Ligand SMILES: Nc1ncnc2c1ncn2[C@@H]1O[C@H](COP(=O)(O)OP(=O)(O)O)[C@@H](O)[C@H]1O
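What follows is a single chain, given as structure tokens, in the form predicted alone.
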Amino acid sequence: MTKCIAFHSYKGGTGKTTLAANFAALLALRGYRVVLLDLDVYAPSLQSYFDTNPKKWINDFLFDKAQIEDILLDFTPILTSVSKRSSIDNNFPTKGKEKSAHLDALKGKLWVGFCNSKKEEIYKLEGGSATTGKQDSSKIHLLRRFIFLRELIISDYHADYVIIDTSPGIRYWSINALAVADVLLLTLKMGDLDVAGTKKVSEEIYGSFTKFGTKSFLLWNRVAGYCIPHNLQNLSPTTSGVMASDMQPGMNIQSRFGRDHSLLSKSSYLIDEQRVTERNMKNLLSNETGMEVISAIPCYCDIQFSRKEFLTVLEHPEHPFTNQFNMLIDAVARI
């Protein structure tokens, strides 16, 4: 049975696109048939993430100008290339079965549908004409075409998972994307605006979906991780001027700074304090919204501040970021 999962947030900048793309890629690498859709129609960016310029867009399908095979691009080759060059077996819980990650990667499929970022196309999705300002299409028709797209993905592509990257906030296409999903992952960062906005979204729209069986969860992103706070960089002559971004993927504080116990002690204390604060906020927000925390993904500087993001779970299968996604997939599978 196909499971449709929407990554949503109250405000932008929570990392939804990165989360959705990596989640979809790792599912496919596990051997599932996965379709990733960019429904962040007001600021789509997946095409830049995958470094592609599609000839046809989701917009074209909604306006009856393209078939489904025109808009879903097959990115499965990136999975097979990774499976050949990486030792990925350790990333797949086998539970007594023979390890078959390499074979799973060859079985898995990844299709991606992109949304057009041109302003006139965005305006048309809202039901208007950029030149005349008049309503030239029916929103109901567009919604029906979107539901039809989901049905075709299930029937023709036999997808195990449909992953949707939504627009943030409470907007027309955000609500449409949430309405067709089985699982809603409400993504937020640690901050007053995110927390307040998440409560607002939960109160105003999520109850309408969960009342009819949709599952919703909180997904914390960029929480305290292994990054060293900037104010600790010059506490010791051995670490003077060192940037947290100098750390390599998977490198922890101990391996980077050796036996600098003063730095390690103060760094650990501050990070522990931050984690206590975050844990209290998570518990408070869960109690107020009635939504469980499905995962809390730490902030990794080498990912957050990289010049160009791609699919970290494919490029760095041993990275702790990838391990977090494996745990998230396991949590979703139990829903």
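The first residue of the shown sequence is 1; numbering continues from there. What you see is a predicted model; the values in this text were computed from it and never measured.
Omitted here: the form predicted in complex with the named molecule. The next part is about that form.
So in the model of the complex, does Met291 come within 4.5 Å of the named molecule, heavy atom to heavy atom?
Met291 lies outside the contact set for the named molecule.
Check Pro54 for me: does it contact the named molecule in the model of the complex (non-hydrogen atoms, 4.5 angstroms)?
Contact check for Pro54: no, nothing within 4.5 Å of the named molecule in the model of the complex.
Is there a non-hydrogen atom of Gln67 within 4.5 angstroms of a non-hydrogen atom of the named molecule in the model of the complex?
Output for Gln67 is no: heavy atoms all beyond 4.5 Å of the named molecule.
Answer for Thr17 alone: is it within 4.5 Å of the named molecule in the model of the complex, judged on heavy atom distances?
Contact check for Thr17: yes, within 4.5 Å of the named molecule in the model of the complex.
Would you point out which of 139-147, 72-80, 117-125, 214-222 contains residues with a non-hydrogen atom within 4.5 Å of the named molecule in the model of the complex?
The contacting stretch is 214-222.
Quick one: from Ile58, Val35, Val41, Ile297, grab the residue that has a heavy atom within 4.5 Å of the named molecule in the model of the complex.
Checking each option against the named molecule in the model of the complex, the one that comes within 4.5 Å is Ile297.
Thr2, Gly31 and Tyr157: each with a heavy atom within 4.5 Å of the named molecule in the model of the complex?
The answer is no; none of Thr2, Gly31 and Tyr157 reaches the named molecule.
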